[in-house]
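Before any questions on how it binds or moves, here is one chain, the form predicted on its own, in structure tokens.
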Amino acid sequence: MSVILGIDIGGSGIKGAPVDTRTGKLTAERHRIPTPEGAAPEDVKRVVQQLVEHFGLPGPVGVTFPGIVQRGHTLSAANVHPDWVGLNADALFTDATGHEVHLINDADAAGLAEARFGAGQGETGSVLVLTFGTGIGSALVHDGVLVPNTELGHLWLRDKHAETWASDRARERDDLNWKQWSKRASTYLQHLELLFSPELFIIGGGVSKKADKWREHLKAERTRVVPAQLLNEAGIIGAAMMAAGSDPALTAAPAALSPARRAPRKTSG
């Protein structure tokens, strides 16, 4: 089955669309529902259920989550309700929708999509996808295989926490122009370059829509830096890829990312 529903849980909206996972193209217009205030699991579950019913697609569903995801469990909750910590979210959504649901970290989903269908298409070696928004999300893809849950936005640059200093929210908070923000972001990229020596940085998240403002200012020492191509569709596409298991990155990745290799799920009842 190549057309799979992808759902992207965001801070302000939860959006979904069917995706042809052979091409990375949406096959219908996205549908968006505002994220419930507080983003508690039961409230988010109902929105996911509404999106599944809206599209009426058979088969599995991919869902992104803004936090660490391991074997279908959500292990962190920086910008959502604390009840997500330790929750078997795969089972929560599967029971609610009647579909097999597969969860993936939101930045990892964007990274998979960009590496396969976006700015990283055809690249070999290590590609680092960074999403600059409320925080900084990261996805490390090597030869098409995802290393999940890198959370590189939480690195420290001497006395500065990277995402609270160089995110798009930090740019707005500190009233920085794009050149000033790019200087901070460049410092962060150069630190990552020392640690990982990637072949390519792909810059996504909210700032990717304003690439003309920062592209000439954002620099690494050796690594090419390019804006993301898939913009707001990346999470949806990556979630669908995860559920379909149609990409080599999914079948070759660790068990946490491969539905076929997961441990059997315990369900209630």
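Note that this is a predicted model, so its numbers are computed, not measured. A residue's number is simply how far along the shown sequence it sits, counting from 1.
Keep in mind the form predicted together with a small molecule is missing from the figure; the text below concerns it.
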Please identify the residue among N79, Q190, S126, Q180 with any heavy atom within 4.5 Å of the small molecule in the model of the complex. N79
Among the candidate residues V101, A185, V141, I136, which is the single one with a non-hydrogen atom no more than 4.5 Å from the small molecule in the model of the complex? I136
Of 89-97, 195-203, 170-178, 106-114, the segment with heavy atoms within 4.5 Å of the small molecule in the model of the complex is residues 106-114
is_contact(P227, the small molecule) in the model of the complex, heavy atom dist at most 4.5 Å: no
Do P66 and the small molecule share at least one heavy atom pair within 4.5 Å in the model of the complex? yes
Would you check, heavy atoms only and a 4.5 Å threshold, whether T131 touches the small molecule in the model of the complex? yes
Would you check, heavy atoms only and a 4.5 Å threshold, whether H73 touches the small molecule in the model of the complex? no
